[in-house]
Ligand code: HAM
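What follows is one chain in structure tokens, specifically the form predicted alone.
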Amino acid sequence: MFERPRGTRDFNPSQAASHRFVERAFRRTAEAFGCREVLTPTFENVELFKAKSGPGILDEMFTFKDKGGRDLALRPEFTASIIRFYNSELRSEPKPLKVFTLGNCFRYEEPQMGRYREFWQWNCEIIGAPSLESDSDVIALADAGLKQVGLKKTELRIGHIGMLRKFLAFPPHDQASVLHLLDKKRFADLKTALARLGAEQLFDIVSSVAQLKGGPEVLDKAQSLLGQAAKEAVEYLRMLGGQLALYGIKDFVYDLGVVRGLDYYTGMVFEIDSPNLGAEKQVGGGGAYTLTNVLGGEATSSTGFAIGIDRVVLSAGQEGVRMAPRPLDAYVIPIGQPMRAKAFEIVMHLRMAGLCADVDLMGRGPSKNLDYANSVKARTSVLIGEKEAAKGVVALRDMESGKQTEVSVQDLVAALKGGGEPKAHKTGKKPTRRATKP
């Protein structure tokens, strides 16, 4: 007996169906917004992620050497790979470049509810568009994806890291350290870090700004606390709010504690929570960034986000979203050994027509086969015996109501797809006229 590695999971058919349900919802939404799918390697050179996130990322990654001695890592996220791909091969694509990907990522973390060492993400990036337009489109895309899944209890929080970057005019390394502490809400450590930098007097202002959350009034408070450093960002957030209204998005809050302390974030930042998940409530986040130049290309404005599929599945389950696997449209039951060949012919006919169909593989009798059809939640059973075969029909049984009708083989697909009343097969009898009211 072998156990799976810590922090990984096996998905039974029901769990896998829930996962794919969410993926399909995200894929449909991304395509509806004009995004095109890209695929990148599951492992990359370690230096790519160090360049993007700093050497500290090494402790969070699964790294290894290949047989040539090269340092590689399983991808911890998608953005670095997409920007590398853009710099090397996609720069000549028409702008804006709108791309998405769905797949698994790996981080060496302490496993807990909704947090695993192998996890799945939906990632979208818009590269090369003006900030206001790309920021609003990205937020609308993330919001629409969660709505497409069926989530209703989410909270969208929008901030702007630019105002704190201007206010905290420290060297890049020190600024990044302070912003990281703000991002993690580690206020005691923040006070110590500011004291070390000889700026302890800034603690009350910075910590107050990081706790501002609400409607447009918090933007006024931020400007009063930060002065000119906040002016440009506050004006931008007001315009962004107006732009989001054009998308029908009004139910959001300004949260100036959304910091996302990575160096490459430059402007608007946002996070989306699902409160019913408790402490691990964040399901996604992103913002405006400039990373192309960090990874060896020309500076290009970009906006993107990542949403954790695993947490969205958990949240959807909490909200009672129905994510059941696609049921069998038909389970074909041969009655008697001579009818098995005909049953296989029928089931392949249904499958090639795009229906989800299965057939008895065990040689069971009709009664046990009907029990099996019930247990796998087939919508219908298709019974074919010598009597039916002689007439060119099958017996079609609705497994919920138990109602059984005869349908000609040529009309079976239409009957299963709900394409109206199947044509009556010829019996040699004249049709009976229906009486009509005068």
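All residue numbers refer to positions in the sequence shown, first residue = 1. Worth saying up front: this structure is predicted, and the values here are computed from it rather than measured.
The same protein also exists as the form predicted together with the ligand; that form is not shown, yet it is the one meant from here on.
- At least one heavy atom of E125 is located within 4.5 Å of the ligand in the predicted complex.
- In the predicted complex, at least one heavy atom of Q121 sits within 4.5 Å of a heavy atom of the ligand.
- Looking at G267, you'd find every heavy atom of it more than 4.5 angstroms from the ligand in the predicted complex.
- Among residues of the shown chain, Q282 is one whose heavy atoms approach the ligand to within 4.5 Å in the predicted complex.
- In short, of 243 to 251, 298 to 306, 219 to 227, 195 to 203 it is 298 to 306 that has heavy atoms within 4.5 Å of the ligand in the predicted complex.
- Distance criterion of 4.5 Å from any heavy atom to the ligand in the predicted complex singles out R115 from the list H349, R364, K153, R115.
- Only one of the listed residues (D360, E77, D255, D329) places a non-hydrogen atom within 4.5 angstroms of the ligand in the predicted complex, and that residue is E77.
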